[in-house]
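Given next, in structure tokens, is a single chain: the form predicted on its own.
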């Protein structure tokens, strides 16, 4: 490639390294060598998700809204190329491919053994060369509308979105990633081009490659193949706007009846004023995940008690998500007694907030948590997705292990105190129709 690899990031604890180069366009390329692995994996990601519905793009004087669901719609539309649907093209090359739009990112990926560079070229080509023909845009509306209706028949998704709609009053995270049938009908080619120009700029994207490959070959190929807008690197700017979110919830409870054998229950807690990047973001996220693992993992005393009392089943889980200035926890799963599960969860949380953590329990859990993180590095998908995720937040994945090692008991107890605030609490219940 023109120039050389700019940086090499290593972590002796993980025994991993990632090499990094930046193209003249501003596109960041990362490569993680994995000698001995037969599978090779690549993902091309944009820091753009469903919450980015109000923004000021390059050359625009003020923020303007776009229809809900357009980030997901754009992802679908890119799959239609002049040569046909890109999934068919990957299949002919013997590769698995997929794409996903979340609240904050959009990612296109593939995994293959043979013909890796054919597939990498295909990935770069279709992401960088959109075709927003009006007739194809109209056809896609019908496809996505059917997808929206399928999700509305999914009890798990309905319960999850019911929780977010209850927790948040104004933040766009309460809006379905796919939008609504009404919102996607307002999408047109011009609006898709506006979003693509703003968010699919090379400075807002990352190409990550991992596998048993030669680093110079990876960087040389990407530099030759990428036709991203090289001249626009210095002039690109974007302003994302999100409404201020109150600390109080929209409502304390969401309830619906659907075709389920057992009720589905989620208890959620929200927080506002969450940092969007940097070490404070990382420390808060890791401390929260550690606390949830300590409180509610399958090895925890709480889970064993709930399971033996037949209040939870094997799908019980707890998770944390943060983006665009807010964060939330969701705890729950299937249960024969949603009222009893909510009552006992609230009692357990109140007890943890009052008692804190025993030092011996904390140290044992910390070793377990760090061991689980290190084991994840056997997964190419984990490395690629998490490295990209943390880079979008101005962090390096290798910082995680060192930050984990520095987590103290006081910080975990502080997170438990602050996160599980009663004023930020809501519940979601899906009950059987009969």
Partner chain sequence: MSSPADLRFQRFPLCPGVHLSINSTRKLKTVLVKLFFTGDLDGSVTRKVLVPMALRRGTRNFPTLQAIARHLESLYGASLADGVLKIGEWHVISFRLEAVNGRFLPGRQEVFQDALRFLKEMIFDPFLERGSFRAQEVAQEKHNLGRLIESLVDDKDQYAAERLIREMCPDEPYRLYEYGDAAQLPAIDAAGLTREWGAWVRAYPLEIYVAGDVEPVAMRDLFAGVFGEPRRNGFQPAGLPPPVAAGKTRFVEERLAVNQGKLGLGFRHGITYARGDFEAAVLMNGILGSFSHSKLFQNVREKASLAYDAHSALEKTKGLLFILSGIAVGNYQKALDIILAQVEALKRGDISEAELGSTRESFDNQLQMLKDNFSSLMEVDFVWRRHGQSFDLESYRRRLREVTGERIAEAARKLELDTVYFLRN
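Numbering follows the first chain given and starts at 1. Predicted, not measured: the structure shown is a model, and the values here were computed from it.
Another form exists, predicted in complex with its partner chain; not displayed. Remarks below refer to it.
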item: Exercise: residue 270 in contact with its partner chain in the predicted complex, heavy atom 4.5 Å; value: no
item: Any non-hydrogen atom of residue 76 within 4.5 angstroms of its partner chain in the predicted complex; value: yes
item: Contact test in the predicted complex: residue 388 vs its partner chain, heavy atoms, 4.5 Å; value: no
item: Proximity of residue 423 to its partner chain in the predicted complex, heavy atoms at 4.5 Å; value: no
item: Option touching its partner chain, based on a heavy atom within 4.5 Å in the predicted complex, out of 277, 304, 359, 319; value: 304
item: Candidate stretches 194-202, 100-108, 133-141, 246-254, one within 4.5 Å of its partner chain in the predicted complex by heavy atom; value: 133-141
item: Non-hydrogen atom within 4.5 angstroms of its partner chain in the predicted complex for each of 37, 262 and 314; value: yes
item: Members of 142-164 lying within 4.5 angstroms of its partner chain, judged by heavy atom, in the predicted complex; value: 142, 143, 146, 147, 149, 150, 152, 153, 155
